[in-house]
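You are given structure tokens for the same protein chain in two forms, set apart as structure 1 and structure 2.
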Structure 1
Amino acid sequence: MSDTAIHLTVLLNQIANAVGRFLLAPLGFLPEVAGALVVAVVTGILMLIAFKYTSHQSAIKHVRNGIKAELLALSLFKDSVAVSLGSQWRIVQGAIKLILISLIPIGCMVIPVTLLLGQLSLWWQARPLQIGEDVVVTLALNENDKTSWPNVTLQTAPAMEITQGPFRIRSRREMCWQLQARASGYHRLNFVVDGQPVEKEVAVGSDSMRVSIQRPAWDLADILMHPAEPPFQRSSSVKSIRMQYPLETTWTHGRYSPLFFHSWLVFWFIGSTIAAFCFRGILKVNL
């Protein structure tokens, strides 16, 4: 992927972080189920409005009326094989036309929806550390020079204590430490790599918080999945830094939830889709 696309993604993430910190801040105070429902309904309505103003509504209405007419013909002339086959073929053609008409609004929504999901993952993918809980942090080095190993040290604040490490995994060019959380809040892990300072955010608390699992590498997919912190440059000795936060275990997105709602992403998708269909009549949107 070109550096231009990555630079653009980093810029969009900066904007999304600024907006997301403000608009999604209530998730830190609302009950998790209520917060998930509010987000699903609001985003469903916003996507519905975006679809209305980026799609050819009259064309969609015309195609849908044509499909309804063919369905009526199927029920009225079900004894006629020729009429039934013709109607079925025209229904298929209408469905294809609806998909083609929808490509433009879907394309317009891809980028904002992707940025939104990145912001939601900061709240719902993992939970913050609890005081006294251990976590493993892994610093991955770039593989541009496998013959040398930089001098790496971790300088923790009083909020985080090193209990084990560092351990070197030479085959993967990684260094690992086990840390223990000592105080609530957002903290910084300060690494020094060959004299250059490197930071990683840590979230500790019993309430809902934005959790940055990884400071990403100079990779488009990595940056989209972990938008909270700036990525490491391609020329950096460090590739990425990852915290093994505990995954969420609530009914909306955890391993103890029903299979149908096993993932927060599935919950959001189903909730926003239902909201969009419920409000399409009120907002007069043809889908």
Structure 2
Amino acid sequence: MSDTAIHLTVLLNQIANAVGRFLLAPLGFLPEVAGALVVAVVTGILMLIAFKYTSHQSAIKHVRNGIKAELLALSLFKDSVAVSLGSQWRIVQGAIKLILISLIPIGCMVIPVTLLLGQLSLWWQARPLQIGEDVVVTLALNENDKTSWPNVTLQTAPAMEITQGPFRIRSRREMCWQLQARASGYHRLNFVVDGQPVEKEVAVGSDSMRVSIQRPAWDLADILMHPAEPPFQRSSSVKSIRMQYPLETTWTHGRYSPLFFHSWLVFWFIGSTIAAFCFRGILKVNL
């Protein structure tokens, strides 16, 4: 079941990558805030439409009106504790009904939205390396056979110079290298693991670029969060390869402060929510 889900996710990621590369390409040249705004507004509207057609609109309206009525009843009939408690119980009942009604649209939207967020994270979670900047690349080995340690080499390339490493962290079954970027563009790091070639994509440049932080392990969550590159098979000696790209630090991108792990996600959420709220009247959607 799990393998089937992973295979399916990989397939969906391939489609999402193809569509995302095309539809999100303007993010490469738009100013950061403008790009983030456009994406938030457009996706907010699209999701609102999806919600409209996947939810039971009249039931939502009915339940919401019921909740509002009972909220008003709390102020209108506050003389009676029993009546107020009755209203409060009906509010709770209404809220539960609303959650149940929302399960269908949630079910319908969870996959496309997750794929979308995966694509957006490629653009907004981290920025590409700049020429001359150092980066640590970590290759995690699978734990299928804890006693053996495969023979791993990283081939040198003109675009990425190995400045330190490899270092072995035996307790975590990881190997690290420090690299320095030498040329702009998308490059590939070529590893050889027990004679088998293994690749990882690297992005170098001063503009906005799709950045794949990690080539994921054979794990559903990992694959969803790092959709750009194909995952390593369960049988592979390599579990994953991760690069410590510098995180974005604006309030629309990456990580704005230590408190906010996903400021881009917060910005997108607020933007899409406001857009949905603004367009709900025009599109006649009951939320």
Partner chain sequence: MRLMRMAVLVSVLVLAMSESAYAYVGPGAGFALAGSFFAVFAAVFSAFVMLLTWPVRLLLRFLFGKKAPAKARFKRIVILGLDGLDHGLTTTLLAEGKLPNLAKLRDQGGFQSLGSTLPPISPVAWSSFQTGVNPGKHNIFDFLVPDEQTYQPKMSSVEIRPPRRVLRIGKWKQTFGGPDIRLLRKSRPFWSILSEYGIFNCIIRVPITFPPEKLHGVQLSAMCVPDLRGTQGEFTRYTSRPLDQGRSHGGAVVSVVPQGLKVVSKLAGPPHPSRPELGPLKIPFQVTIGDRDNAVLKIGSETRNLRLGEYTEWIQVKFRSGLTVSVSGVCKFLLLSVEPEFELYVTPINIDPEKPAMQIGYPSVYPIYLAKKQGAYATLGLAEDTWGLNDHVLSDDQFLQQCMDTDRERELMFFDALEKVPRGLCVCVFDGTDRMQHMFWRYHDKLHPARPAEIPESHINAIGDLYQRMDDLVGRTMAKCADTDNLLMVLSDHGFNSFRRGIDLNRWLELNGYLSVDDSRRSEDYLAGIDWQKTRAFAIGLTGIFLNLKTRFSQGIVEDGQEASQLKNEIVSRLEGLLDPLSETRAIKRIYQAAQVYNGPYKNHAPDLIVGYDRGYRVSWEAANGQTTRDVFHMNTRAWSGDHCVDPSVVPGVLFCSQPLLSDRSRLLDIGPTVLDLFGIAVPSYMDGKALAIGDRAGPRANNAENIQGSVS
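Everything numeric in this text was worked out from a predicted model, so none of it was measured. For numbering, take structure 1's sequence and count from 1. In this text, rigid core is short for the largest set of C-alphas that superpose within 1.5 Å between two forms.
Here the chain appears twice, and structure 1 is the form predicted alone.
Relative to the superposed core, I91 undergoes a C-alpha shift of no less than 2 Å between structures 1 and 2.
R234 is not among the residues whose C-alpha shifts by 2 Å or more between structures 1 and 2 once the rigid core is aligned; its shift stays under 2 Å. Relative to the superposed core, V63 undergoes a C-alpha shift of no less than 2 Å between structures 1 and 2.
Its Cα shifted by 2.6 Å between structures 1 and 2, L100 is reported here after superposition on the rigid core.
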